[in-house]
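Quick heads-up: it's one chain on its own, the form predicted on its own, in structure tokens.
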């Protein structure tokens, strides 16, 4: 009887391990993955999904090293990263799970409401240093950025800065929440965050990509109808050999229930 109990426990432990998976990477995707994992595990008690952040680059590196099953990313995988992963003969699989609008945020007391892409480029490259240069108070601009391992850092550089370099000495934050907190305490602060992170501690800026003819606020509706210009896909990456393990969770995210959670968190469902 004792042997039977031990054997059963080992079988159960093996089953539990087989249903356990790790998700790591983008802080932008983090709140969505956490909520999806919570709901998935509630519906599938035998499954275990562990979710951690650290940035898109960190997640992709972990996938390369075999220490995570899914890399969550707010930027597309680089060609060099894909090549490294596939050097072993395995294939990396890409899945878009949602879309996100990137919001530009300032301190709530800031009177500036509208900024063009060119002005944002000037601010984050260090050419514009005082809010009075863009219609605001005589106050030093304090730009905040994500770390270089962040997919949001890279997407902002590509989309808003048109691949020009950030200013020297820019305040680099390890997580999106740190940007929100820093700007809420810095009257001259400005930064960028995923739409799901917007709250009353910061004020979102209306952005123009047509030289100031039209300014649009960041919102799910404006991202969906195409009027807000700073929109990007959010990705899951996994290795083909792990598909049997990760597919049930990813299928759940892509289901009607999972995409409803995408909406509730503040992102845009893939179907829309």
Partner chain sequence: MKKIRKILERFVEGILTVSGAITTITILLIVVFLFREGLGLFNSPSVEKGYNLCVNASNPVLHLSSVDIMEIFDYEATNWKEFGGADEEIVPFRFEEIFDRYPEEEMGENYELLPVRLGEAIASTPGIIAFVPQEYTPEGMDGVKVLLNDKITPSDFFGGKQWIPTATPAPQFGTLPLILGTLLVSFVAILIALPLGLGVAIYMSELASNRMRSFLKPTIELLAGIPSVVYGFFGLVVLVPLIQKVFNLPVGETAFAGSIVLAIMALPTIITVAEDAMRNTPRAMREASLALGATHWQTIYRVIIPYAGSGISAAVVLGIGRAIGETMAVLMVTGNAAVMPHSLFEPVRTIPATIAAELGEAPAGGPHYQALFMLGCVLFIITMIISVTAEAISKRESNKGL
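Residue numbers count along the first chain shown, from 1. Just so it is clear, the structure is predicted and the values come from calculations on it, not from any experiment.
The discussion below concerns the form predicted together with the partner chain, not included here.
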Does the partner chain get within 4.5 angstroms of any non-hydrogen atom of residue 58 in the model of the complex?
yes
Please check if residue 147 has a heavy atom lying within 4.5 Å of any heavy atom of the partner chain in the model of the complex.
yes
Touches the partner chain in the model of the complex: residue 192 (any heavy atom, 4.5 Å)
no
Please determine whether residue 185 contacts the partner chain in the model of the complex, using a 4.5 Å cut-off between heavy atoms.
yes
Based on heavy atom distances of at most 4.5 Å to the partner chain in the model of the complex, which listed stretch, 109-117, 138-146, 92-100, 196-204, is the contact stretch?
138-146
Counting only non-hydrogen atoms and a 4.5 Å threshold, tell me whether 130, 219 and 225 all contact the partner chain in the model of the complex.
no
